[in-house]
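In what follows, one protein chain appears twice in different forms, each by itself as structure tokens: structure 1 and structure 2.
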Structure 1
Amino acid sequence: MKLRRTLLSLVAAAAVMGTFAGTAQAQQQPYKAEYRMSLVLNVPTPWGQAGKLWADMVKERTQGRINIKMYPGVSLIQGDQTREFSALRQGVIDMAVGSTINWSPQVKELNLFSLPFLMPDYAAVDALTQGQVGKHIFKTLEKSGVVPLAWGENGYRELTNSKRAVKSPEDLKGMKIRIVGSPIFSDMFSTLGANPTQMSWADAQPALTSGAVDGQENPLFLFNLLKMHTVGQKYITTWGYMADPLVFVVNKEIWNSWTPADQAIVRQAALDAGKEEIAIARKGLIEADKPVIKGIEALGVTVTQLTPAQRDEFVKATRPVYNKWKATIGADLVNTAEAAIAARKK
């Protein structure tokens, strides 16, 4: 009788172990031969460098278990930047280094970084991304179906045009300005008296060349890379009205398919790549002599760097947009951001 009870116990234990093994096997998915990373820009831009650094670090540190292929130009979704976040959630894209601007239509809190003149300097950007605001944004992204890992940076978006030096809101009146597909940009430029025109960069280049569009706004590294002075952009205003943080993210199902050890490797690689990429994005702009600006001026371009008083004119002019979007984004989050910036170490 005792032997029979022992045998039954062993059979029951084996059945339980088999159940556990089956569950673990069901949860442990095989790794893909290749993971698809979406990017808007390719190397040698800072954005492209972010993706390359991350992919290279992950491959080396996982000893080839996780191989990442970059798909710049958001080519996995036919170049539609505003669809990137949705495609990431759906699994069309495995991972991405994405723009807070491009994802803001799906995640309203990301419009925080597009509030006009919220972040007056890089210390203000860091106060948000590296503090409580950044943690809150990451929790919001997690609830939206992705796993955020680290911050990168596309940079401050500066204004260029073919007409005249822009030193005040009055100078912008009537200008046709190419903007990205985010409503807050349309609101801001309309408030300043400009005529905002949403279009892809592929469409923007011939429009700038022909004069159908007068100007655009983008980080300064793109001015040199795309040789914008050759498409009529003879004037730049460095007004620093908004900066565009980048986010390193992974699709949630992909993330859950990796072992905890590999998850830790991918996360640390994102943090390391993000830190290195931010330094690349700011190089030439944080030094006292600002060599990037000097190089642009050497091309015969007029660069206007606003005085504090001139900047205040733009701040006052765009305050209605700021207040409108503060309510949309969430007053508590914006108030937290304002407090963090006020307390930053310059």
Structure 2
Amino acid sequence: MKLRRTLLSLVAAAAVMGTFAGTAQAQQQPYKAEYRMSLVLNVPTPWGQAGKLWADMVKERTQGRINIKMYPGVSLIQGDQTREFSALRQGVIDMAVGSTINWSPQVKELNLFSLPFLMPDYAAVDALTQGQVGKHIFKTLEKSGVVPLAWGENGYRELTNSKRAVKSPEDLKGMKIRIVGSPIFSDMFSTLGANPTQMSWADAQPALTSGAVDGQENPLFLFNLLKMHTVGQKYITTWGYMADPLVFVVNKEIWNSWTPADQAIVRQAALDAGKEEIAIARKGLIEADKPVIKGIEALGVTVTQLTPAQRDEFVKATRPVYNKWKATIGADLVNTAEAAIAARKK
């Protein structure tokens, strides 16, 4: 009897040791020489700077234990940006700074930020990302198998085209507009009477140059960087219909292979980089005289800033899309978002 008990406790002890050994082994998984970070846009865009700031901070703060290489142009997945989230989950990509738009085909809640005219200003964007809604979305991302760490910003997406000044949905009729490969954009532009065509960002650039499309929508820094006026994009409408936040994430297995101390460093670096990058993305757009818009006008581009009444026309025209997608995203989440925006500090 006594022997049996001793034997049993020996077995139990071995099991415990085995578990410890297993845990130690999991933690001692060798770090990779290099971690692969996916992004669509490279430096000098704010998006690219987000990635660079993060990678540099992590390298410095881990004394080189975690070494991140950037793969802009979503080159790890041959430029197919709407596959980025799946690749991240599967471990084809170790980490990413990605747009909510590009991941929304896999994570339906991310379409929240694409609801037309939901977020009237930057305070509204912050009310979502920095509040309850942001936390809820991070939980959803976690359930989808990645580790979300911080928010960044691509920014308000303004409409540009080569045909005419767009002041009302009427003006958009029949215009061929390049859109991202996300169904809510198809719905919006079709509803507005335009002729939307889905394309990756890699394909969009030659399409703009050749005139295969009449227009596109993206934050204004990209207009400047690509000198879109030189390929005939002579008209901009600053309608502020949506803004895409960026999310800093890490693949779950990679995350689990790091020590808790290194995890804390990577998380804090993402928060610091995100904060810094959001300020960069807004520079020139939040000042009263909006220097970015002044600069574009000086290039001979017609910038149409909608009056509240003109904006209302677009809001009304896209309302059916809003309502349809509200149901898809989840009415509760959208209601919470609407309430957070209504209560925002301006």
Ligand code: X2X
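For clarity, every value in this text was computed on a predicted model and none was experimentally measured. Numbering runs along the sequence of structure 1, starting at 1. Basically, rigid core = biggest C-alpha set you can superpose within 1.5 Å across the two forms.
Taken from the structure described as the form predicted alone is structure 1, whereas structure 2 is drawn from elsewhere.
With the core held fixed, the Cα of Ser75 is displaced between structures 1 and 2 by less than 2 Å. Once the cores line up, the CA of Pro183 ends up less than 2 angstroms apart between structures 1 and 2. When the rigid core is held fixed, the Cα atom of Ala212 travels 2 angstroms or more between structures 1 and 2.
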